Structure formats: structure tokens, C-alpha cells
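Each of the two blocks below gives one form of the same protein chain as C-alpha cells; they are labelled structure 1 and structure 2.
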Structure 1
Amino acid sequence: MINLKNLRMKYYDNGTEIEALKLKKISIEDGKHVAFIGSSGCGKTTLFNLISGMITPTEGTVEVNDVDLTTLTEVERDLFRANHIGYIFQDFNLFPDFTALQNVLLPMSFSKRYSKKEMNELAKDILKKVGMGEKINQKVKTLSGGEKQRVAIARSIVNKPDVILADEPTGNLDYKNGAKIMELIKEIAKEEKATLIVITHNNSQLDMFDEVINIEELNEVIK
């Protein structure tokens, strides 16, 4: 279960206060597939950063699996993220000079769950699953956009997260490849029984979700 309550997020930029988010409540049940929508700048990525514990709110609580992330230290939040959250970033966040395999191995080494041998086998299996089995040793900077996206998906699911956050995963892809990637993410989330939240601007994908949440309507900050 994800429970966000009385959230306020203020950023401070050169002494100026920017209020980005003011939200009463969002609840998402385990295993649901949910879409976050709303226009650019309404706070969608900020919410993902809060749910993944990358940042903490100025006010309010962020509960994931009954743990209030705002009560944890940064180190505890990093470990929580490594073990429970799979984050597919808006701009991939892959290491371009590392190979596909090295990129997928990285979060596994943080979670400290597996031996080296197990990590290698699992990472290879998952890269195969996303259709990148032939390119595991290719440097990420030499991959196409869709291929990078597949590596980013593989990396996000390798630790078997309870929650998968995908920030516009098909934003840079053509219609056909976008639809394929969305299907792949949904299929993996279903197999792993993970909660899935996808930020999307693509209205044609919305009927694939159990619920669509318009962040712009919920956010009380007037821009």
C-alpha cells in the first residue's frame, strides 16, 4: 500500500521559495496498475521522487509498505529504495560508458541480496527477458533509444521491487515501440505482483490501467 498524506513540497532556489506540491491524499493498493497524468510542471516527477525516498517532503507523510519514509535517514531510504522500488527515470539515468550488463548489475550490488554468481545469472536472464540478450556487453552509449529504455526497465526490476515507478517510459519512442514497451512493463509488473505507477502523456494508453490519477487536479498549488 502507498499512502501519501498532507504532502507539501517546497524547493528553495537562490533564496526563493518555490512551492511545487500541496496534496491532501493519494492511496494506491498493492498490485494495482495506476497512471499519473497532468500537464508539464504539475509535480508528477516530484511525487515519484517522494515515493522512492530520493527526496523528503517539507510536510506530510509518505508511506510505502507501512513504512513512513519521512522517519528514515537518507542511508535507510537508499536501502529501502534498493530493496523495494524499481524506478525507470524520465531520462533513463544509465551509465553510458558501462555495458548493458554492468548497468543492470549495479542496483543488485547495492541491495546485497545475492552472490556475484547469482547476480550475473539473474542480470543476464532479465536482459534476455526484455529482448536485450544479444547486446549485454554493448556499451549503453551505443544503444538506440528503445534499447536504452529496455536496459532501464531491466535495471529497475532486477531486485524484484514491490513498486515499479515508470516516468514517461515511452516518451522518446515511436508509437509502435512505445506500445511494446508499455506492454512489457505491464507484463513484468503483473508477473512480479508489483504495484505499477506510470507517468504518461499518452492518452491512448490510459485504458490499460486500473486507475488514472490526475495530479494537476489534486495539486492545490496555484501556478
Structure 2
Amino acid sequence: MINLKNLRMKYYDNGTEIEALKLKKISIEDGKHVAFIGSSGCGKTTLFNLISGMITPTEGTVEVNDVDLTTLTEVERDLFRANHIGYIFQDFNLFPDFTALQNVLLPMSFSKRYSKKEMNELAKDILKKVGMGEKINQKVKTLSGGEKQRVAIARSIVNKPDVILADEPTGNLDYKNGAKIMELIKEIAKEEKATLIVITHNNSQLDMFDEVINIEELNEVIK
């Protein structure tokens, strides 16, 4: 279960206080597939960063699996994210000079769950699952956009997260590849029984989700 309550995010720009986000409550049940929509700048990615523990709010609570991330240290949040949350970035966020396998191995090393042998076996299995089994030793910079996104998906799910966050995962892909990637993400989330939250501007994909949340309508600050 994900519970976001009484959230406020403020920052300062040249000494001026700016309130970027103000939300009363969002609750998402375990295993649900939810789409976040809203215009650019309304706070969707900020919410993802809060749910993942990358940042903490100025005020409010962020509960994931009954753990209030705002009470954890930065190191504790990093470990929680490694073990419980998979993050798929729009721009892939991969290391271009690393191979597909090396990129997938990175989050496994942070989680401290597996031996080196187990890590290699699991990473290879996950890459095969997303259709990249024949390119595990190929450097990411030589892959196509669709292939890079598949590697990014493999990296996000290799630790079997409870929550998968996908920030416009098809934004850099053409329609055909985008549809395939979205279907793959949903299929994997269903298999893993993970909660899936996707930021999307693609209205044609909205009927694929259990719930659609318009952040712009909930945000009391940004209209």
C-alpha cells in the first residue's frame, strides 16, 4: 500500500520561496496499475521521487509498505529503494559504456541480497525475459531505443520490487515500440504482483490501467 498524506514541497530560487506541490492524500492499493497524468510541471515526477525516497517532502508523510520514508536516513532510503522499488526512467538512465548485463547487475549490488554467482544468473534470466538474452554482453551505447528501454526494465525488476515506477517509459519511442514496451511492463508487473505506477501523456494507453489520477486536479498549488 502506498499512502501520501498532507504533502508539501518547497524550494528556494534566488531567495524566493516557491511551493511546488501541495497534496492532501493519494492512496494506491497493492498490485494496482495506476496512471499519473497532468500537464508538464504539475508535480508528477516530484511525486515519483518522493515515492522512491530519492527526496523527502518539506512536510507530510510518504508511506510505502507501512514504512514512512520521511523517518529514514538517506542511506536507509537508498537501501529501501534498492530492495522494494523499481524505477524506469524515460531517458533510460543507463551507463552507455557498460554492457546490458553490467547495467542490470548494478542495483543488485546495492541490495546486498545475492552472492556474485546468484547475481549473474538472475541478471541473465531477467534480460532473457525482456527479450535481450542475445545481447547481454553488448554495450548499451550500441543498442536501439527500444532495446535500451528493455534493459532499463530488466534493471528495474531484477530485485523483484513491490512497486514499479515508470516515468514516461515510452516517451522516447515510436508508437509501435512504445506499445510493445508498455505491454511488457504491465505483463511483468502482473507476473511479479507488483504495484505499477506510470506517468504518461499518451491518452491511448489510459484504458490499460485500473485507475487514472490527474495530479494537476489534486495539486492545490499548481493549476
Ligand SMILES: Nc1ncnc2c1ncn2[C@@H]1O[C@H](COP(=O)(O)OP(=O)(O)OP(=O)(O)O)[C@@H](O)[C@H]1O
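Owing to the predicted nature of the structure, the values given are computational and were not obtained by experimental measurement. Sequence positions of structure 1, starting at 1, serve as the residue numbers. So that the term is clear: the rigid core is the largest set of C-alpha atoms that superpose within 1.5 Å between two forms.
- Between structure 1 and structure 2, which should be identified as the form predicted together with this ligand? Of the two forms shown, it is structure 1 that corresponds to the form predicted together with this ligand, while structure 2 does not.
- Message: Taking the rigid core as the reference frame, tell me whether residue 207 has a CA displacement of 2 angstroms or more between structures 1 and 2.
- Response: No, because once the rigid core is superposed, the C-alpha of residue 207 moves less than 2 Å between structures 1 and 2.
- What is the magnitude, in angstrom, of the C-alpha shift at residue 12 between structures 1 and 2 when the rigid core serves as the superposition reference? Between its two positions, the C-alpha of residue 12 lies 2.5 Å apart after core fitting.
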